[in-house]
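Before any questions on how it binds or moves, here is one chain, the form predicted alone, in structure tokens.
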Amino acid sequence: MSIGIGLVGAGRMGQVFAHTLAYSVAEVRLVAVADIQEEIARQVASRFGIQNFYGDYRRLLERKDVEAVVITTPTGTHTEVIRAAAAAGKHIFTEKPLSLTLKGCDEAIQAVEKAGVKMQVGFMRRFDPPYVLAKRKIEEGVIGKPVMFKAVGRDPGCPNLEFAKRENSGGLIQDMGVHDFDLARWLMGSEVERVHSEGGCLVFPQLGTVGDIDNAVINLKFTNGAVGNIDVSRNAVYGYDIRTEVLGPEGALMIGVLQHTATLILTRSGVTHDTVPHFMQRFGEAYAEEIRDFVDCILKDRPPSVSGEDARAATAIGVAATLSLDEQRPVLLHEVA
């Protein structure tokens, strides 16, 4: 069996998912693509052998052979598209974050529940084999009950300034930290109750002109007493740097590597190696696995592995952490959630 998929949004992430849907997941048929810029939709359709393309995603939702949609539109439009897709009876996979606001998250969740369709949110790191193994080892008790979470999330360059505006991306903490906020809850098995952020525009002054920053650290206090720390940065000139550590009383788990290929270059000048260049080289397999899991939940009529409530919780941490940055104080989650 296979599922007919419509792709809504044909920008950078839309093209990542188009490639995944067309070539990496046998359980789907990519039957249509829509983008507000119809010419881009046409180009993507042509590149990936899709016969149907639209400038208005609502026309895609009218197709009976579209059983589910993958939404990769700008974050600020997610709630609108989710509501329309749910009303059309389509199952939904949406890129993270679900929304930049808790109100938007709640509206999306309510629309899905009312329509009785399934919705999974794209926290692909939960499907990355190293993270899957770490979660299993935690559940097996290998390191004991986790007591400390540490995460590094560093991009190799400055983003487009229009994207960096808070109204578009949520700002550095929301945009980059959301994956780590989700991992923190998932790996630690506990909710976050308090956050405290520090950050600044230290390398790319142009980000300051649109109200964003380029480096931040966020301290976490979990409801079970555990603690955590996340650092996010736009200026990892050496490569794409994603690492996580979970510490317990019986040991620790370290997830992620900086070295991309298993080759060391040994010369008189020293020993060197390459680094992970960007997210697709690191998480390409995870993107395919999360789509397979989404299709499986439809075919087997089971709950999605990453729910709207999971996504809302990650957004709540991001909202609180951004408020902490702005007001320079610790923020309790119940203040925003």
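Nothing here was measured: the structure is a model prediction, and the numbers come from that model. When you see a residue number, it is the position in the sequence shown, counting from 1.
The following text describes the form predicted together with a further copy of the same chain, which does not appear among the structures shown.
Stretch 148-156 is the contacting one of 110-118, 148-156, 78-86, 94-102, since its residues have non-hydrogen atoms within 4.5 Å of a further copy of the same chain in the predicted complex. Interface membership of residue 52, defined by any non-hydrogen atom within 4.5 Å of a further copy of the same chain in the predicted complex, is ruled out. At the 4.5 Å threshold, heavy atoms of residue 166 stay clear of a further copy of the same chain in the predicted complex, well away from it.
A residue is said to contact a partner when one of its heavy atoms sits within 4.5 Å of a partner heavy atom; residue 198 meets this definition for a further copy of the same chain in the predicted complex. Remark: residue 217 counts among the residues lining a further copy of the same chain in the predicted complex, judged by a heavy atom distance of 4.5 Å or less. Screening 189, 211, 74, 130 for any heavy atom within 4.5 Å of a further copy of the same chain in the predicted complex leaves a single hit, 130.
Applying a 4.5 Å heavy atom cutoff to a further copy of the same chain in the predicted complex picks out 328, 329, 330 from 307-337, in order along the sequence.
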